[in-house]
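Alright, here's a single protein chain in two forms, structure 1 and structure 2, each given by itself as structure tokens.
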Structure 1
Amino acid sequence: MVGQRFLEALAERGGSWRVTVLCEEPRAAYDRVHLTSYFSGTRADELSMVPAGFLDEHGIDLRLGDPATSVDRAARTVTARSGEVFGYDALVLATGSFPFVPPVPGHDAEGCFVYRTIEDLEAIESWARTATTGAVVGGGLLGLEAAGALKAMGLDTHVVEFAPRLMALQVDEGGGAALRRKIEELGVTVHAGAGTQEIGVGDDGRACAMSLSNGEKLDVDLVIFSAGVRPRDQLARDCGLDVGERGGIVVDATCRTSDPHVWAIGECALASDGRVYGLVAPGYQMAEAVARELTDGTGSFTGADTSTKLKLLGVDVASFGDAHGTAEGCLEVLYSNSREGVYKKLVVSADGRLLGGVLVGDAGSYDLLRPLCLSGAELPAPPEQLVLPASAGAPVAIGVSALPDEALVCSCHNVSKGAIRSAVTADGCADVPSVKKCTRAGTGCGSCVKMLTTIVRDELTANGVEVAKGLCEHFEHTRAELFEIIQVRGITGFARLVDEHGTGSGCDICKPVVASILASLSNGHILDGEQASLQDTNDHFLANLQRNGSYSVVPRIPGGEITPASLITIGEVARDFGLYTKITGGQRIDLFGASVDQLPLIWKRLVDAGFESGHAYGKALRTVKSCVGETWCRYGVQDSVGLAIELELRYRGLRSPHKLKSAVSGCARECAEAQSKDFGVIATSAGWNLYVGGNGGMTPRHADLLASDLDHDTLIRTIDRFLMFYIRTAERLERTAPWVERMEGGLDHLRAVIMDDSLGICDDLDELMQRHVETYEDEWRATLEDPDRLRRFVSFVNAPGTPDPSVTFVAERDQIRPAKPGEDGAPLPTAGLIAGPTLEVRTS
């Protein structure tokens, strides 16, 4: 990563350097920060950091799998493993680090791994298929990520940490205790204060056990060592460059080594402040410093911010500044709530300036506290008010405006608030993408994008630029404002709304939004009267439009529970209509390839068999996934299937700003993946834990724990209010994850609103949900019973019953698939009449 950043920085600054890159790995630079996402489906090529054409455009010669083996400093040559010799004027070492493996007996047995490269992860994934119990040696950042990966693969997971607490470098004793409680609640067993003495090896040469220094013995069949890293400085040692006493290539403030023609950057370098940095942001700053040094001689790196914010196993953890309170005369302000799993500590100076902090369980204030700490500015409020949750007193909501210009917003690229403001004011950037391109802020780890967006908006507003907040050109109101208008004024149609509160006749943006709000408030049939014309294509035909113009049908299967008879019905329908069938990850059976004309015929068969619409086409509740729970699973502690069915039937058809997904897991093993859903429930021995704001997709996010050990009725009531508050206040196409993230006060505010009724709206939210539950009607059953609604299901208005001949298919693996361009596909076979003896003519 650091090497790639150097190449980019050098390319941006121009110059006449001809660059050769000797790379040990078989692939170009990739994102190691998000390496764990490989286990959640991210492909190796998706982690690549090298833009297409970048190397050719800049004439960079990349040699994969051919690392440097020696350096002749006198001759200024590097010899690669292939034997090829390269001359140089400037040599940049970005050899990184290697994982440290304690030299305990058995450490090299089969089944022992490190966690460093994609190849490491591939090997772990392969081994885990036949493993049942895994252990991670090391409870630091990477160790906990590795533990999360093992747990996600279904292994009983242990973490062995030599220090007395997890993440000992980043968090203090209180934070470590809170983190441990949260991690153990997730089913990971933590052995802190224990060293690994031996890896037991079976007769087959495979790891089978671990002996710990506290006398414990663990039966394991997979071990991951994540006990720290060491600088890869052997190449430098061999050629006589100065290295530190504990490793690391010694460099000066320009990242130059003891040889004036050689530089070192990243984890292999011992910086001029005496530190070897193991984070990517300092590495990036070193890379940019050397690029400047090689182009105009102005490079400098003398130290970097080591603040950290991560979500480990779904738990927010952050530390910044003097997290351990080592400064003379410093004071600590603490908030700890072990019931909620929240720990917050601020370290302040005697004159009230913020020196550092630790946040566990709720790191929502990190984006503002860290820049305040780094800037040395005065706190905008007493520190105790900055750590209290909304429900525990009168909180002070500090905004971005409280930050000084020198506050560092993007640590990855060292971009300050002032630089972002300047990009808007001086460089004319009018939106976030332009500012990203101009400053590189938000293009690293991405954790600062939310703050970046706020700063850009504030600066545009301050410059007199009107920042449009309206839904579209027809409404100057946001979706949340339109919801309130429609509800308070009792508006039941689009025409009245646009007449009284908008302009024009509407568009593809505002019409579906208004249709969704009307459906949320009235729950009438979406194809009735004026509402029918507001729907987008999918809702218009109550089915998902696919790439070749055909549609898919998805019957609801609550909780994934289905009888053999129902399975046979779906199979018979698919066979009779020649549909492609696929079992989805959401416990559904998709039926693909239906023409518009066939949709009512297919649904007639399904409705008669007791199925109803799964709403896969709408911005509505999709699925409530479940594991088998205590009914079948020997680890289950609650009836997850029963609860999943109850939730899905309760919220079926609920229209919302975006699709909603949910899951219920019967125990902490989390087989239903509830923490990746908009709302997820995990059983405990005392009740149910409720998580909110998770999602998969392009920007996956673990859900946050909203409440613990809820009884059944409290759980249902809390979910009711959460969903209705979301539907009422979210913006267009805003999923619950960004909605929760942008909420001022975050989870604390959400809890205060829906659990403590801080806004006095809970009765209203309860009433809205109760109305939805009582008035729900299956849209497809109602459609089949209404000839007027059925008339829209034709490919040609003037030839009802005639399928669209342009919708064609080819056979593949004994099923159909859409024909690709150039393929001679055939229309979907139909058993009925193509056209009647007389063609019915309609004019609309």
Structure 2
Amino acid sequence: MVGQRFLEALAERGGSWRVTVLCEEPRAAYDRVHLTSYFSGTRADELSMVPAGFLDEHGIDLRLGDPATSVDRAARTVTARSGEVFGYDALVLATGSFPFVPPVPGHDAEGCFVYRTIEDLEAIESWARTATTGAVVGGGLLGLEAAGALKAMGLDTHVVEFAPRLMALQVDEGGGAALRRKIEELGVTVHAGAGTQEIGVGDDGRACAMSLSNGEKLDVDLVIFSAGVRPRDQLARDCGLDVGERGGIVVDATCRTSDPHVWAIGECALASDGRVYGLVAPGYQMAEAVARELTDGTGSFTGADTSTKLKLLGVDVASFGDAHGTAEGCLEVLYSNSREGVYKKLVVSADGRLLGGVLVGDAGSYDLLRPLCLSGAELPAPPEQLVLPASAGAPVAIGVSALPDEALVCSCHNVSKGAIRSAVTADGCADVPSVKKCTRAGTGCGSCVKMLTTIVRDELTANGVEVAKGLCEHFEHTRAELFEIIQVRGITGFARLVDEHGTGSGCDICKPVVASILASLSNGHILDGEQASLQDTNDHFLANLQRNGSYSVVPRIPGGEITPASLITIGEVARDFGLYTKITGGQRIDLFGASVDQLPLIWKRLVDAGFESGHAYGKALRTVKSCVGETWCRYGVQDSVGLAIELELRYRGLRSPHKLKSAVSGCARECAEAQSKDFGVIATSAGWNLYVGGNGGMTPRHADLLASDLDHDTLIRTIDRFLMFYIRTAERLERTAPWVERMEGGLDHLRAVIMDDSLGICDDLDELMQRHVETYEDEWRATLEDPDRLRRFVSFVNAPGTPDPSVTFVAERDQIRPAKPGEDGAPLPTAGLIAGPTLEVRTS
């Protein structure tokens, strides 16, 4: 990566260097930082970092699989493994590092791996197919990534870390504890403060066990060593260059080695500040320094920011600046919540400047805290307010505007906020892509793009440039504005809307938005007439598109209540069509693996048995979850099942800016988790409490109590209005939580609008909902009754009845799953011949 960055930097600066690259691996430079994404389906060629045509364009001679084996500094030549000899004026060593494997007995047994190259990953992947338990030696960044990969491949996973905590380099004790809890919750067993003493090897030469220094013995059949890296400096040693005591090629502030014709960059170099940097951003800075040095003699690298932010196994971890609080007289401000798995620490100097910090479980503020720390600017608010979560009092929202111009926004390419502003103001960049091109900001790891976008937008606004707030290139309106236009002007189709109020012919952003608005305004069946062309693929087939092009079927089960007969029907349908079944988090049953051709046949059976569409495909009401309530529960105070069913049936099919989820709990024990829903109801002895604006998902938010002890009718009316007000005014794909949060005047305003009718719109809202309730029809029943609508449910227009042969499945845990690339899957039976699954499902 660093070598490739050097080539790019050199090419950008022009100059007359003729470059030969001796590359050990069989492929050109690739993104090692995202190596683990290989396990989640990213192909090796997608990780490539070399733009097409780059080498040819700049006359670079790349020799793959032919590493340098020796350097003759006197003659200024390099000999490659192939025996070829290359002369040089300047030699740049970017040999990187090698993984350190502790020399414990058995470390070289079959089934022991390192985690460094695509070839390593391929070997691990193929070994893991027959393995059941894996251990990773090393609980650092890469070790945890490797553990995540093993976990994802279905192995029982252990992590063994010699230090007393995980990620000892980056996080402190408290952060390590929070991280450990989070990672253990994911089912990875952590052995901290334990050394690996021996890898047990079976008679077949394969690793089969592991003994730890704390006496534990693990049965494992796959081991990954990730115990740190060592600079690859052998080539330099062999030709007599200076190397550090603990390895690393000694370089000066221009990255020059002890030989004036030789430079070293990246993980093989020992920088002038005495450190070996194992991160990509400092490596890039060294690469650019040498490129500058070779072209105009101005290169320098004297140290770099080692901030890191990662999502390891889905857990946010970040550390920046003086994370361990080593500066004299510094103070630590801590927030720790073990129940939520959140740990935040800021290190602050005596005069109130931010020196560093550690964030685990919630690293949302990293993007702002890190530049604040690097710029040495004064904190915009007391530090304790910067670590407190929103729910614990009044948090201070520090914005990008609080950052000084020196604040480093993109640390991969060393771009400050000031440089971005100047790209907009002085260089005339009018949008984010051109700022990226001009400054390179946001083109490294990409973590700063969000902040970059805000800065560009702010700067454009400050310069008097009107920043488009419209949906997309086809409409200058927001979703809320389009809603008003469509409603007021009585528009019923996309063509008229785009002809009169937009341009072009629409896209995947505006079309579904308009489809949703038309559906919210009860405009007939969503597949009728022009509306058919607006629906996203899920709405188009009234089912959910899955990764291999098959669809899932989810019948509505209001409130989660289902009779044995209905349950049997679902089972029979799933069996007869060979579908994968799973109980969802919303108390329904998912049926996966249906082809387009099968959907009507499956739904015919379900509709005949009294089922309706569950709208799992639409931005619409999904489920109203419930506990059993007072009918069965000793503690219940109201009939939560009855109310959940009533609410689910009332709002079924209601299209909205985003999906809607709800729940009803029969008492304060909250077994239905109503406070994590868009609207949730909890029974009290005096009525119902209504909560709004909660959600699970990526950024969970507890719902706010809108009103207490409501009687049944008031409750329904309030929810009606809440939903319609949301549908009318929210932005595209904005869930209720951010909608409530950004509402001016907050909950009090919401209460005033929908309970006291402060805007005088409640009659409208009531009427809209009434129309929805009265005109609801089951989309699948209506589809089955209409041959025109049914005609679209074929895989091939010129071969109806032929299912898509590319949709194939394999058996796993006695059911089907999509075949992965390279796997030999079998298609499901054709639509016309339903005779149970033809896939042989292993039962052993």
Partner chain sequence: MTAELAERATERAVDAHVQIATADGGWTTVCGVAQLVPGRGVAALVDGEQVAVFLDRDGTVYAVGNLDPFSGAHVISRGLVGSRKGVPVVMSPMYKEAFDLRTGLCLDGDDQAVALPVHEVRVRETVAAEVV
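Rigid core (definition): largest C-alpha set, two forms, superposition within 1.5 Å. Just so it is clear, the model here is predicted, and its values are computed rather than measured. Counting starts at 1 and follows the sequence of structure 1.
- The chain as displayed in structure 1 is taken from the form predicted on its own.
- Relative to the superposed core, residue 161 shifts its CA atom by less than 2 Å between structures 1 and 2.
- Core-superposed comparison between structures 1 and 2: the CA of residue 326 stays below a 2 Å shift.
- Core-superposed comparison between structures 1 and 2: the C-alpha position of residue 817 differs by no less than 2 Å.
- Aligning the rigid core leaves the CA of residue 732 displaced by 3.5 Å between structures 1 and 2.
- Once the rigid core is matched between structures 1 and 2, the CA atom of residue 604 is found 6.7 Å away.
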